[in-house]
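The same protein chain appears twice below, in two forms, each given on its own as structure tokens and labelled structure 1 and structure 2.
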Structure 1
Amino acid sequence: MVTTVKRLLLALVALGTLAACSSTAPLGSTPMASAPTGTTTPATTLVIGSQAYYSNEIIAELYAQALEAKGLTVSRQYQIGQRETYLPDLAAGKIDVMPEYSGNLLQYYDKSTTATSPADVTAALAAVLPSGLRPLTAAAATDQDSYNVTADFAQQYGLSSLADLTKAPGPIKVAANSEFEKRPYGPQGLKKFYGVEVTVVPVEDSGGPLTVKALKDGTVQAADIYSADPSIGANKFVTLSDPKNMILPQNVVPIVSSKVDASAAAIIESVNAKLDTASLVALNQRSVTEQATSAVIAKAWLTEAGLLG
């Protein structure tokens, strides 16, 4: 009987150790699960979420560590999917802080919006968010969908803007996530704004290595790659300009619940105040080249920025 009790105690200790080790999942590991059904988060804890996108997780971790440095308690729920998955939880109060991208989020709620400038987009966003949610001050950093072609393809057909795609033989094949097909800046948008016919070749890695490979090996002629992705510069891709503002500004903007009071909001906004696009590209670069975790990347940047003191 004593031996059995000892074995049970040892098993419980082992389980506790495993749980502690899994509290911060590194990039590329199994996504962090949401809290089990039936459990609750203490009222004093802020739940911070992230999309299933490595750069978004890094931003979430910046907010998390900055809040912890000021004595707040946070719970991390990273890699929980895309908007269709996490927005209902955000609206229901299960997530308190979510890094978002202003223009895309606005068009999720209002596909007919006429806002185009960063300020107008943020103002319009505040008006369409579900009750209990609000946007904080957006960062200068943007990470938006962008159409990219190889340098050789751009030179061959004289491409520098989306309008120039009419010079290339169509229909143009574009590598992108499958939902790109229905986005306002997808095939319908290109046809409406620029008279360009494109077809989407589904590559479900959000502009990642598989998308880059499809563009480099000629499987497609263009690719949707987020503008802060270091692969654009590394491969000398040409990002086609968008003179008609088909793609809205996608500044990094935290969406927060009513649990985020003025002092917590100020901490998050202090991070955003120093987060520009160059900084975001550099943060992403560390993840891609060093395979560093979001926790390591965030701590180094926040320390250098003087936000952990």
Structure 2
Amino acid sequence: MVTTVKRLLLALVALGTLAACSSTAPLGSTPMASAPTGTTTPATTLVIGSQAYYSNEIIAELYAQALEAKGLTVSRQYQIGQRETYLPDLAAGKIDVMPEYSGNLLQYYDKSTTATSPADVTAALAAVLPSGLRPLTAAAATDQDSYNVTADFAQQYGLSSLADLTKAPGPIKVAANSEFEKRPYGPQGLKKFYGVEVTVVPVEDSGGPLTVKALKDGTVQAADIYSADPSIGANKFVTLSDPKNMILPQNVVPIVSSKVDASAAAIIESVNAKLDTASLVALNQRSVTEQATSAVIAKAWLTEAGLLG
């Protein structure tokens, strides 16, 4: 009898604990569930997303703090993986602002695109986005694929542009993600535009430390590293110029939902107006070398740019 009572009490306690657990969000916030769906409160909350890419999160944070400084309420939903993960949420209206990169986003929706100049790419983007989404004015800042060689290699063969690669002894090996092989600015593009033959050595860390190491070791002669990556400057790599616009431009472009009205859009665009590639590299640099958080980095930059006043 006593044990039965004890068990009953225990079960009650367990139930109570469960109930308490279920009333608090297990992960601290449930942005997907709490994101407003259609019926909005007077003070609209804008959900700002970011890719699982530190630099993208910094840009998202720039927008977030700029919007907050003007009295808007934002909810941060950062580090949401890759396009396959967040684009459906964006299209469904669960995310309102997403920093994107013009060329790759365009290619996601339209694999056969022929746009190459920054302006063409941004224009084409507006046409392919799902209904309800629109791109705002792109920033001058780009974070795009770039062919890099070591300073020694560049000096030895007098390399400054992609066309100069013909002067270096082949076969030239390029460390890059495996998809690079299929991209229009990959080996086929290099052959078509500049008459250079290269082979790809697939290293899947998106121009990260392993790719940098391969280039420094001389295992490869060139490496595909994103142009806003501080490692290019840190290792004195030489980025080969692309006079024929072979590489798809990747201007930072915010994709926003219809909940972002003209005034909110203007705030975001005021950030973009000051965001050039040098600023982006500097922002990334602080994250890489100081391990500073996106909030700290964004605040310092916005303050300096006079966007928090």
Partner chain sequence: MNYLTQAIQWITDPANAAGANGVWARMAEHFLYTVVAVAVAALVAVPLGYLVGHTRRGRGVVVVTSGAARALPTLGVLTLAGLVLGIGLAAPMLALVLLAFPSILAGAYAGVEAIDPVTVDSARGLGLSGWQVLTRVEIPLGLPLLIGGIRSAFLQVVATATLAAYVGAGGLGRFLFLGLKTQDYPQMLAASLLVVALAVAFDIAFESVEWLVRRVVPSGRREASA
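Take the two forms, find the largest set of C-alpha atoms that superpose within 1.5 Å, and that set is the rigid core. By convention here, residues take numbers in order along the sequence of structure 1, the first being 1. No experiment lies behind these values; they were computed from the predicted model shown.
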task = Sort out for me whether 1 or 2 is the form predicted alone.
result = 1
Selected hinge residue, from V288, A273, T142, T166, for two rigid parts turning between structures 1 and 2 = T142
task = Could you let me know the angle, in degrees, that the smaller of the two rigid parts turns against the larger between structures 1 and 2?
result = 18
key: Core-aligned CA shift between structures 1 and 2 for D205 (Å)   = 4.0
